[in-house]
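Given next, in structure tokens, is a single chain: the form predicted on its own.
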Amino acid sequence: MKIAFGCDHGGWPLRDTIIQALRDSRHEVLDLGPESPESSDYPDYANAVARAVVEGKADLGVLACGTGIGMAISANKVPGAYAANVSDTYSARMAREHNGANILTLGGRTLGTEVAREVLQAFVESEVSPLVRHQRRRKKIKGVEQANAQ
């Protein structure tokens, strides 16, 4: 699987952990920056990762900032991007399976590296549920998205 990754300075503490965990699991990483821990703006990286996922350049996306919240808000502005800010493995699985999340956001100042690695693994290994009730709900979300895009 190809996974787009981006962070800002607040997510930098998780950067190497995330990239290495993905590579250890034999995923290809599309690293969209930044190249240093210097202050940077999370919307830039959220947009780049969300566009890569929506445009099919990556299967999933992973973003990290201080809390993961700013990345989720920013990524979710891109139509077709469904970013979930997650801090536990159960929520990571549910975000993928039930909600069809295609981008995981994590907090570099709120999660330790081991928890981040576990959450990442749970998210990446989960699949979107084919159950009708979940499909119906995801379809409603897309309908809201489309109605508000006009």
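In this text, all values refer to a predicted model and were calculated from it rather than measured experimentally. In case it trips you up, residue 1 is the first one in the sequence shown, and so on.
A second form of this protein, the form predicted in complex with a small molecule, is not displayed here; the remarks below concern that form.
In the predicted bound form, the small molecule sits within 4.5 Å of a heavy atom belonging to Y42. At the 4.5 Å threshold, heavy atoms of I69 reach the small molecule in the predicted bound form. When the small molecule is considered in the predicted bound form, A50 lies well away from it, no heavy atom lying within 4.5 Å. Contact annotation for C65: at least one heavy atom lies within 4.5 Å of the small molecule in the predicted bound form. Residues within 4.5 angstroms of the small molecule in the predicted bound form, judged by any non-hydrogen atom, belong to 6-14 and to none of the other stretches in 136-144, 122-130, 19-27, 6-14.
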